[in-house]
Ligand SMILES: Cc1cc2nc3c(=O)[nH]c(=O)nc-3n(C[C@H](O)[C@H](O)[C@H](O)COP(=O)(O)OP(=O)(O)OC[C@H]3O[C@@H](n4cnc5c(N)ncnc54)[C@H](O)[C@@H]3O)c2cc1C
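Next comes just one chain, in structure tokens: the form predicted alone.
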Amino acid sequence: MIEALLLMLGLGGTCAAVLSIASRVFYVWEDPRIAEVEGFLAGANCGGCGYPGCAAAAVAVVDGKAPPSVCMVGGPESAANVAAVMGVDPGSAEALRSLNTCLGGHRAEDKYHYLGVQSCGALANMFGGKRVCSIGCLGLGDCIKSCIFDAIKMGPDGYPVVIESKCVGCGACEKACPKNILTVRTMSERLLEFNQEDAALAPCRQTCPAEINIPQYIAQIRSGDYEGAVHTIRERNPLLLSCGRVCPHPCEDYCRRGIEDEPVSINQLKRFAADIEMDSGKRYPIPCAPDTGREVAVIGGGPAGLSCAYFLRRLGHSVTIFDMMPELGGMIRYGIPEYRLPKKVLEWEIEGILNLGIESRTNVRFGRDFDMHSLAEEGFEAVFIGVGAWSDYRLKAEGEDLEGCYTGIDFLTKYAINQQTGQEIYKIPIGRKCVVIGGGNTAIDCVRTLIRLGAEEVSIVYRRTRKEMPANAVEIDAAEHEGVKFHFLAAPVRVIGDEQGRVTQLEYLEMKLGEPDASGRRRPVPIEGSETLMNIDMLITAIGQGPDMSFVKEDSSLEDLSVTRWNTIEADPEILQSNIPKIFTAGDSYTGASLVIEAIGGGRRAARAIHLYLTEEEIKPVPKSLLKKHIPESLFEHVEGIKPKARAKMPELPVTERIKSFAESDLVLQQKDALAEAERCLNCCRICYDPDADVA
């Protein structure tokens, strides 16, 4: 017995020694992160990631061959945990989602018929497929067959519909589609998509400076998905409440329905959806990418700055907005009167943007209270300059500095500050007979404000005709209804005052229209000997404005910044980067005084370039960029299948009521009217659309 025990102990010891030696000879080290990463994967071994199982996927992540978001089933939480294990930028850990860009399907006409072909891929190889549309969906469902998660179905309109709740972003559908209609993108990639020449875009969407997916949000309103409509708009425009009130909607000029009928009231529908959220008492959630730790300074809290800050924050970057005024909003706060854009509406909208985690510093002036050097010391790696057009153009006429003479933006700004703060220093005495010189939106805002402040007689003096006025037509009509008088073909010559230096008269020359100038409008030509005097006691000059670029002279580190002869920052139109690599721009500081929606679109475009700069990627233009151009094949001269239907009339306060206060004059559509207006939309894509159902 003892001998047997000793023998077993000896054999055990020998085996242990052999195994110990073997473990040293044949030792294979495994990175402990592999097991840790695998623990954060879903464990489904579904193969959706392209690897044979979760263990293989974990090895690929550790080897740097797969991103933290490799697990399609695990979602954002899994991706963030894996990113933490690997110590990589969690910004790359966003979940992927598939989306379909084509709304056409079988609506596009067929140019060929192929018998027996049941594959989109095969069909595409035969003369590009049967559809007339160069990028249209072929409709045979290769994408549906490729999806092992049942996340795609063929919709009733003949194009694939992605079920987002089931989509894991594996990319199988994108690979299967021969027309590149289905794309797999992260949220950040969707935010940074811009119009391209070969994309499925309706004419209205091509025209919108912010490139909002207009047909999609109108379709969502039509189906009652108001929250979805708001999210669609917010992917391109964070100021939808403001734009719903003040945008001149250039998109409507290219609405296909407008060719045969009145265009769809796109902007009213935007406001309808936006107001539903505000009036609901809650905010719809706005997702942001994980923090990247990179910091950006945004100078100017107007539409361009707010837009740039919003998109940068959603991309995961830390943003601080600097503004010289007491409150954020820029020109839309201080230059647009309360009756057009109530301050409480603007404040609610700005609050939602800041709630994303954006810091703001007000009452600080660039070049005086801070400069490029101090920003660098604080750790800001990129700077966006979005200062507004605060400098009014002067009339350059004798007497324009007399008492009782003002410039447009100065007048509107002082009134807005006085209205908000009650400070007497900003109070402007209102005359009895007031004249505003100019024909743009600022001029109209001034005359309508004067009417509400109790001026007895308010007139506009404009050197061209009503047809040439650049102001929004609806605003011109509203001013006329409120009692404003118009003096067309009249060019101011000088301002006359009394012995106390107070304005008493305006002298102007009568004009006639000559040949068109560079703007395409007929040039006004003076009529000799037509000098006319007009009795007035208040004059406002609103003939245009430009950005205040005084900070360039005040900050020595900006002496090399390229500025145009129009006193704007010179930058590449596609990437909006200045000649100083870390400085980007958009809005009025780049374009000069322009539309709010133009500034918003520019802010997003600059955010894309800043994002590339911070992530050390090549800052290059969007491939096949459609920037401010149209796809020729999408523009029609005639649209078949249209039955004229009345456009929704914007509800408004009665004239007698609205001129007595600064209450909002233009009101929101009622639900039944909004739904009826949404039904007028043809749901256009690149070349196809839905004809009216009741057309024989």
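Heads up: residue numbers just count along the shown sequence, starting at 1. Here the structure is a predicted model, which is why all the values come from computation and not from measurement.
Separately, the form predicted in complex with this ligand exists; it is not shown, and the next lines address it.
For a residue to qualify, one of its non-hydrogen atoms must sit within 4.5 Å of this ligand in the model of the complex; all three of 325, 329 and 596 qualify. In the model of the complex, no heavy atom of residue 238 sits within 4.5 Å of this ligand. Although the partner is absent from this view, residue 393 stays clear of this ligand in the model of the complex, with no non-hydrogen atom inside 4.5 angstroms.
Remark: residue 314 does not count among the residues lining this ligand in the model of the complex, judged by a heavy atom distance of 4.5 Å or less. Among residues of the shown chain, residue 360 is not one whose heavy atoms approach this ligand to within 4.5 Å in the model of the complex. Considering this ligand in the model of the complex, the lone stretch of 514-522, 442-450, 604-612, 175-183 in range is 442-450 [heavy atom distance within 4.5 Å]. Of the listed positions (366, 462, 272, 415), a single one reaches within 4.5 angstroms of this ligand by any non-hydrogen atom in the model of the complex, namely 366. None of 582, 340, 231, 433 but one reaches within 4.5 angstroms of this ligand in the model of the complex through a heavy atom, and that residue is 340. Contacts between stretch 269-305 and this ligand, counted in the model of the complex as any heavy atom lying within 4.5 Å, involve 299, 300, 301, 302, 303, 304, 305, listed in sequence order.
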